[in-house]
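Only one chain is given next, in structure tokens, and it is the form predicted on its own.
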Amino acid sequence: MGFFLFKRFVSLIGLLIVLSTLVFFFTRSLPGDVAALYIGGNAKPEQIERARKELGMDKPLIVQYKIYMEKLVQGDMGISLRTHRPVSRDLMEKIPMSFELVFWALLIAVSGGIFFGVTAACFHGSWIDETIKWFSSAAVSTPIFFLALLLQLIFFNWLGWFPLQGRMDSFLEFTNPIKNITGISMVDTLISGNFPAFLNVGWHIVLPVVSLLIGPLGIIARMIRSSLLDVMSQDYILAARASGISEGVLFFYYGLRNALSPVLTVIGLLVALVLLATFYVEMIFNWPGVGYYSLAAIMSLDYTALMGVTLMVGAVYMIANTITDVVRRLVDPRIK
């Protein structure tokens, strides 16, 4: 296990180096004067020239790359052209808000997907199985942005059950402001005893989380069903059944445990899917996370912020897949 983790760590470092190199040279090829964007509107030529020297844009491209990589090793992702603040500080403020959506979406998708997949396998061939298969197929094939807009139309415009967008009601931001402790809204409000804000944030988070979890839930449900049915037809299951082991033990201990191994791989891939989906969801629901930050960076051609977001997403994806592989080794002893 130690050697496996070491190899994954080396792979993570190599991926980040390649990714940072590609993103650096790609963003440098974008049109527009970076120094003028940094200064803003009505910039004078002397101000632009001073900003170009401050940002190091007056140096050759290979020298700029060397300086960028040296700073990146020290945790410095550069200065945002839009906010004029370190990108790492901006991301540290935005990541917890996106993590809040991703955590709840994956938690509900995994638990719900396993439940529906096991239920479909238990009632294989029945109307329950057919209903779950239809639902999972519809969930997988529905675009996330369309689902988000549909949820807004139904639950805000028609029924009025949930708010349209934002993290909390505007008047509560003045009467019950959230004390920033961890950056995760529901955790901070709970720790500080700010229960009106806790309930309001929970009310606002429902539709974004549902938009994110529907697709992964359908994928996991179908994977669990097919994997479990395949495992239950194996020879060792038939031999265990012939030896007198009860169906419940066979299904939930031997069958489900072995069926989870390929599903865990899919869950690792779903982390990347949900991370990318948060960009759509945060834009639609005006959620102040990494996705909304990236949209603002794209609109303002803030290439340093885009580079920071790209590296962050790549690192999170690699870490999530490493954790998934470790859990697979613990669950399935056949993987060594």
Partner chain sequence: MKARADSYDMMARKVSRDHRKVRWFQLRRLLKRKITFLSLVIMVVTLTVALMAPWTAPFPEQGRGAVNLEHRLMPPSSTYLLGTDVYGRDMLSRVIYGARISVFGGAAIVFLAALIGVPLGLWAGYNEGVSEIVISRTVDLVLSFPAILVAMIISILFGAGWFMAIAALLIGWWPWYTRLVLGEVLSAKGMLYVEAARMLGYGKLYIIFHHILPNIMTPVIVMMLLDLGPAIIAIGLLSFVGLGTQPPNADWGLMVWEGAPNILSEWWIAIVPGFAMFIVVIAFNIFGDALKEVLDVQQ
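Definition used throughout: the rigid core is the maximal C-alpha set that superposes within 1.5 Å between two forms. What you see is a predicted model; the values in this text were computed from it and never measured. Numbering follows the first chain given and starts at 1.
Note that the form predicted in complex with its partner chain isn't included here; everything after this is about it.
Checked against its partner chain in the model of the complex, the candidates 176, 137, 131, 88 yield a single residue with a heavy atom inside 4.5 Å, and that residue is 137. Only one of 103, 156, 203, 252 lies close to its partner chain in the model of the complex, with a heavy atom inside 4.5 Å, and it is 156. Looking at residue 65, you'd find every heavy atom of it more than 4.5 angstroms from its partner chain in the model of the complex. When its partner chain is considered in the model of the complex, residue 318 lines it closely, a heavy atom lying within 4.5 Å. Contact annotation: residue 145 falls within 4.5 Å of its partner chain in the model of the complex, judged by heavy atom distances. For the chain shown alone, residue 299 is a contact residue for its partner chain in the model of the complex, at least one non-hydrogen atom being within 4.5 angstroms. Shown without its partner, the chain has 276, 279, 280, 283, 284, 295, 298, 299, 301, 303 in segment 276 to 304 as residues with a non-hydrogen atom within 4.5 angstroms of its partner chain in the model of the complex. A displacement of 2 angstroms or greater separates the C-alpha positions of residue 301 between this form and the one not shown, with the rigid core held in common.
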